[in-house]
Structures are given as structure tokens and as C-alpha cells.
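The form predicted on its own is given below as one chain in C-alpha cells.
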């Protein structure tokens, strides 16, 4: 069997490091890309690392024969609100250039290229707190009115992926050639890794307060106690990407899927921290800008289509996430 060649952009991020580790177990030839050097933990898994600004490196990838592309590189929500033009350049222009490269190679060499794109609940935009509280678990086509630059970028890139996968070159809708760009996307909830530090994302208030509590440091949470969004353990995020990658094309009824694991409030995170570390000093000092971002995201999402089309289900519910995954690792880290 021919060894598949895989490109992972944003390989130094939380998702990237975990994904590269899992892909290496499958024996893939992995090319990584990031503006940072690879950390030692995954350095030996990459056959080649392309370091630098991705937008200016994409032209070099036209000479590679990728079977699968995981495009993880992005400017995240909080940073994107401060540097909006830079976020658009990284999140949209970088994605479009990579899609163009993948579509070109797919067409020229008559070979399917799978393109996996992690989207986000930031693609949603709840109009008011009352709407958020009454909406329940939202479907993929509901409330697609993002209120952040990051959310706008993600939603637009979903549409770009659909275009390059279905309409680029204006193929007839009933045409099913053996070569095509196979774009697949997941809208992730807040992701939490036990093995990498929170990187300042808008959903990081939960793990941040637990890391602080484990170190006997005080923590000021930047959202209200009642703030509620869905979360997921990093192993489940990696599992979902690999499951969607492996899913048969004919079983997929859409290009963008919700997935979810558990939804809890910031106060529930605080209570878990206090239970695990009784001396925890956690206060709530909402930041208006970051609070507004969290308020615009749904309390939970409906992932029934992912469950039906490719048998998605998380391994970590809220109790197993804390008791079996997150708390044991941060206790070990700060012991």
C-alpha cells in the first residue's frame, strides 16, 4: 500500500500537536507547517517542517503530492478582534490559497485530495442573551450570523471549501468524476487539552482557572458565572477529525458538521476547580469585549447529523473529562 502524504498546517498549536502524534501512528508521511519551529514532542513525527508565514509558503506546496490536508493554522478569536486585518489575511487568504492549490492538483492529476478544515462555534451569532437561552442546541444552518472577525472568517472559509469542492470549474451538479477536492469541515466547541497550556482563546477561561487553582494562584475569570458554551476534550477533537477523514464520501450528507460533548457554565468550572483544589481563589471580573464574544455563541449545538452520517460520539462526557482526563494530568504537571 502506498504511504499517504499528509500536510498539517498550524502543527504547533494545541490541535496540531495532538493530531500529528495520532497521524504518525498510522504511518503517514507527514509534512508540517507553522510560523514556529516544531516542539520536541512531535519533531520526530514530521518528515519535513516548513517554517514561516503560511501565505508566502503555499506556492512551495504545488510540488508536493498530498493525499490529505489538515488546515489548522488560524488567528484565534480574541486576537482576531484586536488585529482584524491580520486575522483576515491569515484566516481567509491563507485558506483560499491552500484550497486553490489543492483543487488545482486534484484537477491536474485526476486525484481526490481530502481537505479537513476545523471550523468553530464562532460561526454562530446569537442575537441576544434571551435568544441564546431559548435556542437550545442549534443546528448547522441556524444562527449563522457571526459577530466576530474570527467567526466571519470561519463561516466564509466553509463557503469557500464548498465552492472549491463542488463548483470550481463549474462542473454539473450530477457529475461525479473520480478526481475532486473533497472538502470536509467540523464546527468545534471549546477545546481543552490536558497536555498543552491554554493559548489565550476566548473559551480558555475554564482550563485557565483549573491551571491556576492547581498552582495555588488566584484567577480572575473574564466572563460571568452564568456564561455557558459547549466544550470538548482534545482526544475527542482528534478522534472526530480522523473519523470524518475516514468516512465514506457517499455517507456524508453535508460538508460542515457540528460535534459536541458537554456544555457547562463558568460557575460549574469554578465548582469543579474548588472541589479538586479547595484553596482555589477564583473571582469573576467579566471583560466586556470577551464576554460579548461568548454571549454570541450558542449554549450547545445539535450534532445529530454527525452521529448519523459517520457514527460520531464523544468518549468524554463532563465527569470523565474532569476525573479521568484533565485533573489527573494537571495534578501530575504541578505535583
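Since this is a predicted model, take the numbers as computed values, not measurements. Positions refer to the first chain, counted from 1.
The same protein also has a form predicted in complex with a small molecule, omitted here; what follows describes it.
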query: In the predicted complex, the one of 257, 115, 124, 150 near the small molecule [non-hydrogen atom within 4.5 angstroms]; finding: 150
query: In the predicted complex, the residue from 227, 77, 106, 185 that sits within 4.5 Å of the small molecule by heavy atoms; finding: 77
query: Candidate stretches 97-105, 131-139, 81-89, 194-202, one within 4.5 Å of the small molecule in the predicted complex by heavy atom; finding: 194-202
query: In the predicted complex, residue 189 touching the small molecule (heavy atom, 4.5 Å); finding: yes
